[in-house]
Each structure stands twice: as structure tokens, then as C-alpha cells.
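To begin, one chain is listed below as C-alpha cells, in the form predicted on its own.
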């Protein structure tokens, strides 16, 4: 009798395992199931790891830039805009490679898929083909532009910073060294979870393009990002007029727990 129950238990376990594996394969192969997987929605996506995302979206890192553009220009014979800074080395890379797997991104950034992608809801997506009578929907895989603006905004108002002209023109006056001033001014920097603050500070001492790259050197927008004015040692008590509307803390989803903030 015991042998009978043991065989029955083993049989049921085998059936359960086969059924589970079949279900998992079905989910991963079926686009409709994958589209509505809870990981694509809040709150699950807020804690999704890169490994979880790349488990299904690895192609975004495997994809390579075109050897030759449709116009016939080869990648080797020209420079992309992001290659004009000295911090970028090597051949051209795709958007996601530059943010997730390039040497420079690994050195100074801690970018996660969810840093930019906060999830999407197919119920609120724009239909395909587009319908001009229904413009209330968002595009698929939309990203908040303010997230991009944090690193791809215009150079800040140089007059407000006390510079005689744009950094492109006045950098030599300051020995091409941002830290010539900022070693003692607004020195509580880069304390967000998608950057490596200590690595940025170290690299910035050796190459000003590390600083300028994210503060105007890789500009996508005509405006600059209104960074929060985190208090720093020696900060003046009087707040200038231009800063009175500025927040004093980063957005909650980018904040680092107090016990993990790096000390410079």
C-alpha cells in the first residue's frame, strides 16, 4: 500500500511538473500573455531587475548599429553626435548599449531598465494605425521626457553661474575644469540611484567632459533641467530668486536610502 501511494505521489508530481513547464512555455511564447504579464505594470515593474527585463528583451543589447545608413554613409566614416566628447571611445553603439553596457556607462552609471521605463498599460495606448480623432492615448513604451532631460538638457544659464559665456567658449578660462569652482560650490552632487557618485567625482577631476557630457555636451533639448538644490556644506542661507521654485530633494523613485548615500 505504501508503495502504491509513493508511485501515485510521484505520478502526480510528474504531471504537475509537465503541466507547469508547458504553461511557462506557453506564456513565454504567447505575445498576448506576455503583454499582460504583471511585471509590465505598477507596482511590480517598480522593483523589476535588469535580469528580469532582459530575460525577454535581450535583443535590445544584442542589436547592432547599421554598418551603412540608408543614404550610403558608413558608420566608420563619420561620427555620431555622442562621439564628439572625449569620454566616448570605440565604435558607434546603439541607444541601449550606450546606457546599459558601454564601458563609460558601467564606470559612472547604475542605469536600470526601470530608470526610464515605468510600465505601460495597453488600455491607454495609441491605436495602430493612428486615428486623428482619438488623440488622448499615449504611444507604446512611452518614457517621461523629464527623465531624459536630467542628463540631456541644455547647458545651464551661464550668466546665473557667473560665467562670461557658454562653457564651449569659456572653458579655457577655467582651465577646462568644472571642479575649479564646484569643489566648493554645490558639492552635494549625483546622489541618485542611477548614478555612481564617487566614480563621477573621480572621473570629473581627470576630464571635464565627464561633467559637461551630462550638462550640455549631449544636449537633446533646448532647455536645461531644474536640478533639486540639495543642501551642501557652506550653502548660503538666502535663496536666490531663480532657485526659490526649485525642489530640495530628488524625485522619490530616484532617491538613495540615507544609509547608502556615498560620502565625498
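Numbering follows the first chain given and starts at 1. Small disclaimer: the values here were computed from a predicted structure and weren't measured.
The same protein has a further form, the form predicted together with heme C, not shown here; the description that follows concerns it.
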Next item on the list: Could you work out which of 134, 165, 188, 78 is the residue within 4.5 angstroms of heme C in the predicted bound form, going by heavy atoms?
Entry: 188
Item checked: Non-hydrogen atom contact residue 52 with heme C in the predicted bound form at 4.5 angstroms -> yes
Check: According to a 4.5 angstroms non-hydrogen atom cut-off, is residue 62 in contact with heme C in the predicted bound form?
Finding: no
Item checked: 4.5 angstroms heavy atom contact with heme C in the predicted bound form for residue 35 -> yes
Item checked: Non-hydrogen atom contact residue 253 with heme C in the predicted bound form at 4.5 angstroms -> no
Next item on the list: Could you list which residues of 191-220 come within 4.5 Å of heme C in the predicted bound form, counting heavy atoms only?
Entry: 192, 194, 195, 200, 201, 204, 210, 211, 212, 214, 215, 218, 220
